[in-house]
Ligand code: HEC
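Consider the single chain below, provided in structure tokens and representing the form predicted on its own.
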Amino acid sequence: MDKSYTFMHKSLAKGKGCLNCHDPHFSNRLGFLLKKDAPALCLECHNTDKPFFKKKHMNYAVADSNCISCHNPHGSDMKGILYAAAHKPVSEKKCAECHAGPQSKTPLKVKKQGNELCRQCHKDMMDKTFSKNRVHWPLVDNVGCLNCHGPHATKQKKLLKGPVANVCGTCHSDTIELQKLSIDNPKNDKLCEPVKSGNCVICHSPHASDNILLMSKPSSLELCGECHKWQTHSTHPIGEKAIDKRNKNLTVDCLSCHKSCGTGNNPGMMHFASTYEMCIQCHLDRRR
């Protein structure tokens, strides 16, 4: 466990240490060998009725809340052992910006639903997003931004609920599975950096884009060209004047031969298992 935190959870330094919260042999809770789920586990030590506790939580009744939606159970460099990425209203104890007040009939109820709540502070970003031709669908349902972001605090930057590939994989599991297969294949020694790092947002705009597939550039030639000098890659015709023989409505670009998010067992991120199989898709006279 990382011991570099400025603020450590007190339970780690007393009694049974890790075993205060974890069972070393068996648990059916979330895969973390926890003795109980939060908040029941937390309430064994933290008394929510104490004035000090209530003051720290702005007098909100949080006994039934999920403590680890805000706090890192082991430690943090943030006071109150908040996760490293804390939403500004949380770190500044301004819960009422998003929630009904603690004395209301519905304390903790959010004031608005979906992205309308986030628009209160992120208006410029939201206006820019919805001005694009293509908007990522999670933004327009009743959950909105919270499909991908945590409202309080998270381990990841930008309040993401998890690593980029995990968040994207919630909906795009088939693509992420191909990505994993490509990484695990020892023959794939020429993977694109976004595939190796699992960072989908290097190539795709996570919120909205004017381009197909929410790409951050209008064409694959421009997008791939940021890392790959495709102009010197091959003498094969490529670009606007190179018509794809398989579909005369398309021109030949990087994605004509390569699959950008990984291809499982195929080398070079190609659509087919060998260059021969790839090439004869267009060059029918070379079949043998």
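The first residue of the shown sequence is 1; numbering continues from there. Nothing here was measured: the structure is a model prediction, and the numbers come from that model.
Keep in mind that the form predicted together with heme C is missing from the display, and what follows is about it.
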Heme C contact in the predicted bound form: F52, any heavy atom under 4.5 Å | yes
Flag F32 as yes or no: does it have a non-hydrogen atom within 4.5 angstroms of any non-hydrogen atom of heme C in the predicted bound form?
-> yes
Interface membership of N188, heme C in the predicted bound form, 4.5 Å heavy atom rule = yes
Any chance E97 has a heavy atom within 4.5 Å of heme C in the predicted bound form?
-> yes
Going by heavy atoms, what in 265 to 288 lies within 4.5 angstroms of heme C in the predicted bound form?
-> G268, M269, M270, T275, M278, C279, C282, H283
